[in-house]
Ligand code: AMP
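In the form predicted on its own, a lone chain appears below as structure tokens.
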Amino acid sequence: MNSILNADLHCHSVVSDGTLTPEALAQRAKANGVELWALTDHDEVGGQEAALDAAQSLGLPYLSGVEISVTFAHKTVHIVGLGFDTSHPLILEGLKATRGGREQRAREMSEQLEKVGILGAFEGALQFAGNLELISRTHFARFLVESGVCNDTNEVFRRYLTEGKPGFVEHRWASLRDAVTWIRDCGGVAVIAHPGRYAFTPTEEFAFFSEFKTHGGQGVEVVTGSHTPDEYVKYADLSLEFDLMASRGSDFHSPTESRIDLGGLPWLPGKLKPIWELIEDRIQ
């Protein structure tokens, strides 16, 4: 595998909070020139078999993937796992436990929204999620757009679903140690997802990267859909400082919601070591 490669190792299907099936994502990735693909649904590997089958039918190299929700420094962060055994009991049990608190959190979010005059949010979000174990803020956002409360999902998050706003409810997810250990012990590599999103102080960010590395984490998303060009530079430098390999992924959810399409990212900076060089033997 070359270091310059149109790899897209972060996206979501209807199995979590995306709007396309794994098969449709595979077709879109192939059509957009993606050369190495991974489906990374939130806390769920139920779409992996379909994604792999679709990718192989298209001649598209594939890595297994997942995005695990983690609580660190009272914030929700995400760790992407790549190239692991999707049938291993350790990760299946860990992900099931992580999903377990989503229903209660969703009901509390709905109660908070009801206090500011938005009724039926839980039922409305569930129509978009389908599965109580996977209901998320994104499903609430889609309901609020459909019901005319907001014009788009970005406005929903800005007004209602972030810390300090009426619909935000904190949830305790997996620990950083657990998430990295599950991925590593199931044969995969752990990658920090979109670190520019977490609004850490410099001290918190240093602690996050340090602890991640201590637990055996090996990569960081440098080029991703929510990063700015300045953040590409910042996290390229941090990947070198912490001796982490670099990953690349659009975080694509939907043709109408996502800022970057599958395969549409700029290249990784040439000075970095691409994560796919570490797990080339796990590409299917």
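A residue's number is simply how far along the shown sequence it sits, counting from 1. Just so you know, these numbers come straight off a predicted model, no measurement behind them.
Not on display, but discussed next: the form predicted together with the ligand.
Colleague: State the residue from Gln112, Thr181, Thr71, Ser136 whose non-hydrogen atoms include one within 4.5 Å of the ligand in the model of the complex.
Modeller: Here the answer is residue option Ser136.
Colleague: Scan His88, Arg99, Lys213, Arg105 and let me know which has any heavy atom within 4.5 Å of the ligand in the model of the complex.
Modeller: Flagged contact: Arg105.
Colleague: Would Phe209 count as a contact of the ligand in the model of the complex, using a 4.5 angstroms cut-off between non-hydrogen atoms?
Modeller: No, no contact at 4.5 Å.
Colleague: Can you check whether His42 is within 4.5 Å of the ligand in the model of the complex, heavy atom basis?
Modeller: Close contact exists here: in the model of the complex, His42 approaches the ligand to within 4.5 Å, heavy atoms only.
Colleague: With a 4.5 Å heavy atom cut-off, would you call Asn154 a contact of the ligand in the model of the complex?
Modeller: Yes, contact at 4.5 Å.
Colleague: Can Lys234 be called a contact residue for the ligand in the model of the complex at 4.5 Å between heavy atoms?
Modeller: No - in the model of the complex, heavy atoms of Lys234 and the ligand never come within 4.5 Å of each other.
Colleague: Since the chain is shown here on its own, which stretch among 182-190, 90-98, 113-121, 136-144 would lie within 4.5 Å of the ligand in the model of the complex, judged by heavy atoms?
Modeller: Every other range fails; the passing one is 136-144.
Colleague: Select from 237-257 the residues with a non-hydrogen atom within 4.5 Å of the ligand in the model of the complex and write them out in sequence order.
Modeller: Sequence-ordered list has one entry, His253.
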